[in-house]
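Given next, in C-alpha cells, is a single chain: the form predicted alone.
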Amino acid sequence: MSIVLPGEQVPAQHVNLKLGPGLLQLSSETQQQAKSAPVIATRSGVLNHSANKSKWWVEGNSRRYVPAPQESVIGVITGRSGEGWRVDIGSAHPASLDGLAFEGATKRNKPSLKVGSLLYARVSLAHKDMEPELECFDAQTHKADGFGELKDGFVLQCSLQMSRLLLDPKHFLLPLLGSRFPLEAAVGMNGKVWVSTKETKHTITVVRCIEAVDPDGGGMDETNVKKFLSKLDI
C-alpha cells in the first residue's frame, strides 16, 4: 500500500490488466507497445490492487464520482433519449441507458421506466471524452443478477470510500445488521445505497449505522456499532 500523486507512474502490469478509478494507461502507437504502455495516477490517494494484481485502482476520498467500466451504480431516470433514457449517477455528465440493455429486452418488449425511477445498473462504457453508458445485466451471464429497477425502499447518500467498504465481503456492517432483522441492500460505487426493510425503524437503524461508520462521519468500529445497536429497540 502506497500513496500516489497525480502524474506519478504506477507499476501496474498484468496480462489481463484492468484499471479502476484514478489510473490511466498512456496511449501508444502500436498494439505491441500498448501492452507495456506506462500507467499513471490521475488523482492522489492510496494505491490498491487485487490479490493477483490484475486490478488496480486509487482509493481517494473525492466528492465527485468518476465512472469506471464494470462498476455498479445506483441512478435516477431524468428523461427519455431516443430509444433509451438519461440517468443521473452523480457524475459530471448524465449516463445513457439503451432500451435493450436489459435481460430479455427486445424492440417490442422493453421495460416501462418513468422519470424518477430508481435503477441499479453497471457501467459498460466510461471515457473522459464521452458520456458513460449503462447496462442492467451481468456482462458474462447476460442475466439480470439483481440489476434493474429498484422499487420501494430508501436511498441514502454516503462517501465514495464508504460505498467501497460496504462492497467488501469482509466488512462487518451489512452482515451484522442482516443478523438482527431482514434486510435487502444494493450498494453503488457512486456513493448511493438502497435499503429495503419490513419496518421503518429498521430502515432508520441502517441509515444511522452507515452514517456512523462512514469515514466522513464518525468512523465507528464494530464494537461501538454493537453497543449502539444494543441501545435501540429493534
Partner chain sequence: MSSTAPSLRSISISSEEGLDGVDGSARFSFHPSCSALASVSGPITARLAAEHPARATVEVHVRPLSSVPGTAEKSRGMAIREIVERSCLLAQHPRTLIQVVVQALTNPTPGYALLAAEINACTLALINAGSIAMRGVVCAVPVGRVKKGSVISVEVDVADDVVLEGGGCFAFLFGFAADVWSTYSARPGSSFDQAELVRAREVAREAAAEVWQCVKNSIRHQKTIGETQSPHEVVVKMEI
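Positions refer to the first chain, counted from 1. Remember, predicted model here, so these are calculated numbers, not experimental data.
There is another form of the same protein, the form predicted together with its partner chain; it is not shown, and what comes next is about it.
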> Within 4.5 Å of its partner chain in the model of the complex: all of L176, V195 and K198, by heavy atom?
Replying inline: no
> Counting only heavy atoms and a 4.5 Å cutoff, which of 166-174, 38-46, 200-208, 181-189 contacts its partner chain in the model of the complex?
Replying inline: 38-46
> Looking at K151, K128, K114, K143, which has any heavy atom no more than 4.5 Å from its partner chain in the model of the complex?
Replying inline: K128
> Wondering, does S50 line up within 4.5 Å of its partner chain in the model of the complex on heavy atoms?
Replying inline: no
>> Can you tell me whether H93 touches its partner chain? I mean in the model of the complex, with a 4.5 angstroms heavy atom cut-off.
In response: yes
> Q9: heavy atom within 4.5 Å of its partner chain in the model of the complex?
Replying inline: yes
>> Residue-level contact is defined here as any heavy atom of the residue lying within 4.5 Å of its partner chain in the model of the complex; does S54 satisfy this criterion?
In response: no
